[in-house]
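Only one chain is shown below, in structure tokens, and it's the form predicted on its own.
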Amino acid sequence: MTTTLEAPPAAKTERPPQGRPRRRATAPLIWLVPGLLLLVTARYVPTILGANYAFTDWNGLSSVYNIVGLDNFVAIINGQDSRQALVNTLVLAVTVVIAANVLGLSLALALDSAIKTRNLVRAVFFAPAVLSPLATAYIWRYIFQVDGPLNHLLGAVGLDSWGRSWLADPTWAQWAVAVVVVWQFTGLSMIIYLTGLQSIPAELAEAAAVDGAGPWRRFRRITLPLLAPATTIALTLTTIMALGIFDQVVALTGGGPVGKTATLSTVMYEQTFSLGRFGYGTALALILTLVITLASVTQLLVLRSRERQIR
């Protein structure tokens, strides 16, 4: 008996129907329109319209005001308080950005391991970043008091001469504020760097170790360059937040002593809501916005250029 084997029928290749409209790419964009309209209407339009008051002498209550042109900006440039506030803002921002990122990276490197309690320790260090800045600042204010825990601790270890009124001392008040802000920002930087570290293939460090590269060389040649995207995000975010510091300064010192901790944000608030100079305060807000925009955009461009070079 002869058996004849028949070849299986050729599989039919299904072709996508022609002429079907492509709506998958455009449909998600349509859902963004209501949110964008709400954002523009509720945030950006009032901001742009409110910027006009920077060129007036409006006191915030009267319906009548005069156009003063650039007088508010000239007064800010010539004012001793506003110039001191600008210097304080820049010094505090530079200190906070450097310290928070160095400490955040150090903690990320230390906690990027397989220890059993790493998740608990990460949560403990990240907790200050999600707490209320105003509430935590009041806690630190108690710590820095003359009869507070910090001076008691110094006295307990025989360092009574180091004790002082930290928030009332013109020399130390600004650094006390910086300590509080760094304590809050470090956890955010740590999480960003941890995310970057976990995206680096472990095989690279293992291969470098086999080739005889030490820990510092591996960090400098492998880890740090591959952390460039995380570094860009962490530095940019901390810069924006540090330049706009307000809650911590108000709760700790109120801008004192003798204006040593006053920032552009606190001076803007005082001039606007305490003294009723809404035009002057709006001009200060525009200057602060310009400072933050220039600093963040410049930093972002430099760091992005560095990322492209590494790639």
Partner chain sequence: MLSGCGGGGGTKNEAASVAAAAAPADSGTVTLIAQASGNKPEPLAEVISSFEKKHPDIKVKAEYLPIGTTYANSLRTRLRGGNQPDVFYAAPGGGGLTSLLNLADAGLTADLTQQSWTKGLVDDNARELFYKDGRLWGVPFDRVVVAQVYNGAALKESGIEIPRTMDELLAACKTAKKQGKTMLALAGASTENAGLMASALAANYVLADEPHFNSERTEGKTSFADSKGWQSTTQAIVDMKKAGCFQKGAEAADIPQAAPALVEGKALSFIIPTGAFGALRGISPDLKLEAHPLPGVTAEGTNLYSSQSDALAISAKGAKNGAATTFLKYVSTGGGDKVYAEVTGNLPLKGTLDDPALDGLSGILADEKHVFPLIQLPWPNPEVYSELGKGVQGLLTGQQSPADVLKSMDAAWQNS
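Predicted model only: the values in this text are computed from it and were never measured. Residue numbers count along the first chain shown, from 1.
The discussion below concerns the form predicted together with the partner chain, not included here.
Contact check for Gly60: a heavy atom falls within 4.5 Å of the partner chain in the predicted bound form. Not displayed here, the partner chain is kept clear of Gly155 by more than 4.5 Å at the level of heavy atoms in the predicted bound form.
For the chain shown alone, Arg141 is a contact residue for the partner chain in the predicted bound form, at least one non-hydrogen atom being within 4.5 angstroms. The partner chain in the predicted bound form is approached by Thr289, whose closest heavy atom lies within 4.5 angstroms of it. Only one segment in the set 208 to 216, 97 to 105, 236 to 244, 163 to 171 has any non-hydrogen atom within 4.5 angstroms of the partner chain in the predicted bound form, and it is 163 to 171. For a residue to qualify, one of its non-hydrogen atoms must sit within 4.5 Å of the partner chain in the predicted bound form; all three of Val146, Val258 and Glu270 qualify. Contacts of stretch 277 to 293 with the partner chain in the predicted bound form, defined by any heavy atom lying within 4.5 Å, are made by Arg277, Phe278, Gly281, Thr282, Ala285, Leu286, Thr289, listed in sequence order.
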